[in-house]
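One chain is shown next in structure tokens, namely the form predicted alone.
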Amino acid sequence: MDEAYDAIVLGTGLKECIISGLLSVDGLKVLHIDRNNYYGGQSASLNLNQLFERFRPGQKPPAELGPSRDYNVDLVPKFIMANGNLVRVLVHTDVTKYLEFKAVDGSFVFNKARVEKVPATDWEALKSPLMGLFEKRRAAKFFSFCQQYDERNPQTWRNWDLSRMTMHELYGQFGLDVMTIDFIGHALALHQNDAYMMQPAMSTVQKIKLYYDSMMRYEGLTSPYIYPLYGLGELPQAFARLSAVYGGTYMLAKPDVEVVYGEDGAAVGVTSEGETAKAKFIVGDPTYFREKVRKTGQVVRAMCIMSHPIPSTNDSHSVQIILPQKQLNRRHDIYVFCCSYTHNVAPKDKYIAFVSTTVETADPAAELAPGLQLLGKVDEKFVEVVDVFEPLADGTADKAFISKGYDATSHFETEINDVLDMYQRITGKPLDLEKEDLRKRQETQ
């Protein structure tokens, strides 16, 4: 370990593994360390025995739940947008050769006390029970505009400057009612609150386009989401393999690892077991930088094992349901995530459901009640409240580049943006996802 590296990465969570892989591909000499003896950190997947050991130490799982090895329960479950930035990073780095994905069956929204499919296109809007006849026509026109909008083609703009017009004003142009705006903003554009309404419309229209484009990316998709077989724990390991292929060094089970700072306060390396490794900069999750992060809130998650699909979701084996804040008189949405044996995360006929939200009260578990009520009978339930941290500085001065904690959302769009932002701060350049992917680059070398 007494060596010099370009970069040292602390923690094997998904964000850290993506950064490690990208830096290794860029030709940097990377050392990757984790205090745990397993990959994944906060985004690890647990089998049934590990799940019980974490939440009910000393208690054995009931036999009727099936074999422990058949479970891959994500601690931070999130679906992946089929045409989103994470997929583009996977393709760009050729990590897809280590993974197998399966489509997610359904994307739903809680509206007027009912669970309904999220309409993503003009023709789906015309069929949706979420709206009355005239509202359907207005929504169909809105979706048609979003689908056709191209910021490089002024003919699609309708003389509207979306870099100046607010989203509130754009909704007004189509005469959409409050309920329609609610599910568009939260279940399609995936905003976590309504602050976006007074911001330029461009970003939200692009998010709605992303939802639609993801639906269209692969033939036969019934939602815009995909999910890896055997759970998200496969992703950190896949990026770790990428880093190793490009010369990255991995060290697990280093519980005493600490960051070393120079006289100017900049990170210069790490120590563990009496040895020191030096580097030009350090990357890591907030747990390795307690003095350089601040707590921004808490997320509460309920992990549930069930023997049936979630009611009112067309017997979907995998599904996301978003409960917008306005429907519940809350400040934050509630997210329901469900996966099953069809994604190899549970034994035959077993389902894993998660309900998560940002904590607003002194009784976090009670805040999940609206989401839990949608699940039906639950065989086992585990509840966890996790503190969420973010860095105090951007890392450019102290050479300590720190990821943000994982939010309550049940999709990856916010998390991958944090990764891309970190990459730009570290390297001084944005990750060019338009470039040819690695496989093509290797074939020409």
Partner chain sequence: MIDQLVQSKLVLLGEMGSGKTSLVQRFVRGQYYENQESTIGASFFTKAIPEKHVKFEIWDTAGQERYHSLAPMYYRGAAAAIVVYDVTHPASFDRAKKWVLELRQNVQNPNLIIALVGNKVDLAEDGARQVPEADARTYAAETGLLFFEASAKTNVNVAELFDEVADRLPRAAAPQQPAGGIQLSEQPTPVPAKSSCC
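Just so it is clear, the model here is predicted, and its values are computed rather than measured. Numbering follows the first chain given and starts at 1.
There is also a form predicted in complex with the partner chain; it is not shown, and the following applies to it.
Q. Honest question, do K102, A238 and N344 all end up within 4.5 Å of the partner chain in the predicted complex by heavy atom distance?
A. Result yes, every residue of the spot touches the partner chain.
(Q) Please identify the residue among H168, H308, K280, R137 with any heavy atom within 4.5 Å of the partner chain in the predicted complex. (A) After the contact test, the surviving option is R137.
(Q) Between M197, L126, M179, L328, only one gets a heavy atom within 4.5 angstroms of the partner chain in the predicted complex; which residue is that? (A) Here the answer is residue option L126.
Q.
I'd like to know if D387 sits close to the partner chain in the predicted complex, meaning any non-hydrogen atom pair within 4.5 angstroms.
A. Contact check for D387: no, nothing within 4.5 Å of the partner chain in the predicted complex.
Q) Is there a heavy atom of N72 no more than 4.5 Å from a heavy atom of the partner chain in the predicted complex? A) Yes, N72 lies within 4.5 Å of the partner chain in the predicted complex.
(Q) Can you tell me if F401 lies within 4.5 angstroms of the partner chain in the predicted complex, counting non-hydrogen atoms only? (A) The answer is no: F401 has no heavy atom within 4.5 Å of the partner chain.
Q) Does the 4.5 Å heavy atom contact test between Y39 and the partner chain in the predicted complex come out positive? A) Yes - in the predicted complex, heavy atoms of Y39 and the partner chain come within 4.5 Å of each other.
Q | Segment that reaches the partner chain in the predicted complex - one of 309-317, 361-369, 217-225, 259-267, heavy atoms within 4.5 Å | A | It is the stretch 217-225.
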